[in-house]
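Here's a solo chain for you in structure tokens, the form predicted on its own.
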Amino acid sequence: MQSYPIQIGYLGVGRYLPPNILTNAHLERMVETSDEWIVQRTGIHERRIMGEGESVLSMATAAAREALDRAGISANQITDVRVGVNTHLRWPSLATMVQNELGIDDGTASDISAGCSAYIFCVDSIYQKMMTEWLLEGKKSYALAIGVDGLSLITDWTDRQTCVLFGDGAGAAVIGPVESGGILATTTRAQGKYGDLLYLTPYIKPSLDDPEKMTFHTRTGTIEPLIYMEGRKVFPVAVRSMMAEIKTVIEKHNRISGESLTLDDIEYVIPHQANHRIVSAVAEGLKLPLEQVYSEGVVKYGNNSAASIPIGYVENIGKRPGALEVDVAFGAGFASGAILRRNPS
């Protein structure tokens, strides 16, 4: 059995959830919906929404600081900041802004937009880079992987099909050398052919309505982009994609390590918290009881996009020592991915 002379994993995790809670009862007063309708279709009871003075930057920075505190790592030991985000509609990158807020003087920093899978893409990027630098150069380093989204900024609050789903939040992990446990394998992919099922409408269409007056046409009559989703068509593709990614990451680890792990060896799964029906379908596909699949996040926080998996980490700190776990997500563009990892002993 082959084994690496090094282990890379999580040293500390953190999260930030806005204190402002949007309940189903509140949504009943905003759109034509009901608590029963929302819970039956999504499993969501409430979600967190940014208030005055909060932003995707403040949430990402707060989650990162908590992760650094738990890891016992100073910000200036971080050499790489990767932020999975889909609602930072400006530049410079959010990662460089977080880097500045934390007082990190130098290093790599970049954003990754991969829908709700963006956090997994961040971990994959960091893990591959760290493994290469350690094996080829003997370089040991620390990095921050952050998932954050402020979906309240791009939600159409008159569309009952989508406005009941989304919430704001951030989660982060410090990644570096570990003595036990660690990341065993990662995998990512994208299926752009499904791009028209879930997307953010553009600010403007490519052409002008009136080149003399310089006016533009948009779907909503404003320049604000909004989420568009065909939920019924997304559902089967999402479940198939997540199941495929779990199998792929196990097979990848087996090829590298010489082990013969199977789905039966997985003790816990943290899936993207899209809605309770998707989470339950993944549990059923894995033949796992729901108590072995993280689902509390979608009930309490709704769909936090790139933040949902690292938010789930915080709720599972210290549980299941030595357990073999999988994180899995899918998102717009149908970007999807998975992380196979073992908890510290």
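Keep in mind that this is a model prediction, so the values were computed, not measured. In this text, residue numbers run from 1 along the sequence as written.
There is another form of this protein, the form predicted together with a small molecule, and it is not shown here; the text below is about that form.
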| note | Of L165, I246, I104, L153, the only residue with a heavy atom within 4.5 Å of the small molecule in the predicted complex is L165
| request: Identify, from the list I112, V123, A274, L94, the residue with a heavy atom within 4.5 Å of the small molecule in the predicted complex. | output: A274
| field | Stretch from 289-297, 29-37, 52-60, 310-318 whose residues place a heavy atom within 4.5 Å of the small molecule in the predicted complex | value | 29-37
| Using 4.5 Å between non-hydrogen atoms, is V234 touching the small molecule in the predicted complex? | yes
| message | I278 versus the small molecule, in the predicted complex: is there a non-hydrogen atom within 4.5 Å? | response | yes
| With the cut-off set at 4.5 Å between non-hydrogen atoms, does R160 touch the small molecule in the predicted complex? | yes
| Counting only non-hydrogen atoms and a 4.5 angstroms cut-off, does I256 reach the small molecule in the predicted complex? | no
